[in-house]
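The same protein chain appears twice below, in two forms, each given on its own as structure tokens and labelled structure 1 and structure 2.
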Structure 1
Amino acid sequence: MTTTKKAAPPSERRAHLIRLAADLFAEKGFRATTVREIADAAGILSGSLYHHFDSKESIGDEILRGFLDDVLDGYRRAVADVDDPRVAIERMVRSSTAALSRHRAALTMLQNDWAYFSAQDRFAYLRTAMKEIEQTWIDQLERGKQDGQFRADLDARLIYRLLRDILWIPTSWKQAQGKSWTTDEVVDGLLRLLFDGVVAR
């Protein structure tokens, strides 16, 4: 009986390589990570990596596209057929948090190497995706102003930037005793802060 480990199917192997690369890019930075380092982490020769990807940029492209496609798909479903902007925003917050938890390495890549990616023609879709994300938030915030749910003096673009920066950070925070809030607890706390504030009524 053979003890040789069966080779992974191409799709499974490709996904494994993408995960390894994403972790390295997040840890070392996209530009600082070499193809050889990715291959070494995978236990293969550099040449073998080129059987799956034609360049390091192709790997980064697949990581970032998968991340943004997931975020945008969640946002589009969150606002579809919803007349209440508060409900839409609650759905967007939960959808965003879930997507970001699935793509932490991609988010770190985007944050750390935005200047590089955004300057490359190959990654021009990043700006398009970010504009759609921003406009989705602004549309719902403006709707809330118009129907009287949100304050009339609310600066929708500023609120979006504040919420984005809160959401785009890790959602599992350690407490002093080593315990941590769950993702749902963090999201619920953010929504209470957003809609109810901290001032007693």
Structure 2
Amino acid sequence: MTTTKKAAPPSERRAHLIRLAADLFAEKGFRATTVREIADAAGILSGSLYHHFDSKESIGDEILRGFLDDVLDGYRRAVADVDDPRVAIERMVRSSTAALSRHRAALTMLQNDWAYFSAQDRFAYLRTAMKEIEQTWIDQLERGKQDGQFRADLDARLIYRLLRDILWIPTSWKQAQGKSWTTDEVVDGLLRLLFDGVVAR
């Protein structure tokens, strides 16, 4: 059980299979997706998947890692060399949105099956990453309060929690029905709502 199995030969085929699996995870969630469905999408049998991966979880692992690395990298660059917290937050919002549209599956997995993943030692890095994300947001919100730019009665932690989840939202609209907005329209509407609210000044 503890023997080191095949690590991760980064083949072309393998990457393609991950993309197929990610699409299914994005639509149905991780647990609700079966390895047989993934195999069907690839036009092979379920057993053949285990030539590339040693378990269904390792597929999920790879998807989640890629997502979090992307997000954290974006945040670090968003706050680097930026003094104005409002600018930093706007850059974080745009960075988040871009990353989320690149990793739609990871988000669905996190919100549907968070309890499943975070209970496993293998996915301990999830908690670590989430903490860094939270701290980054709170730092910028607090800075905005201190320099008088944001309302002094702002609960930074509460606003962060709301914001984080709000940012997830538009991702789930991607495949939805009818008239849809462009990414820019959504982000601009969101930023406007965040900074100014709906009331006319």
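If you superpose the two forms and keep the largest set of C-alpha atoms that fall within 1.5 Å, you have the rigid core. Nothing here was measured: the structure is a model prediction, and the numbers come from that model. Counting starts at 1 and follows the sequence of structure 1.
- Between the two renderings of this chain, the form predicted together with the DNA is found in structure 2; structure 1 comes from elsewhere.
- Rigid-part rearrangement between the two structures places its hinge, out of Q120, E62, E132, V79, at E62.
- The angle of turn of the smaller rigid part against the larger, between the two structures and from C-alpha superpositions, comes to 15 degrees.
- In the core-aligned comparison between the two structures, the Cα atom of A42 sits 2.4 Å away from its counterpart.
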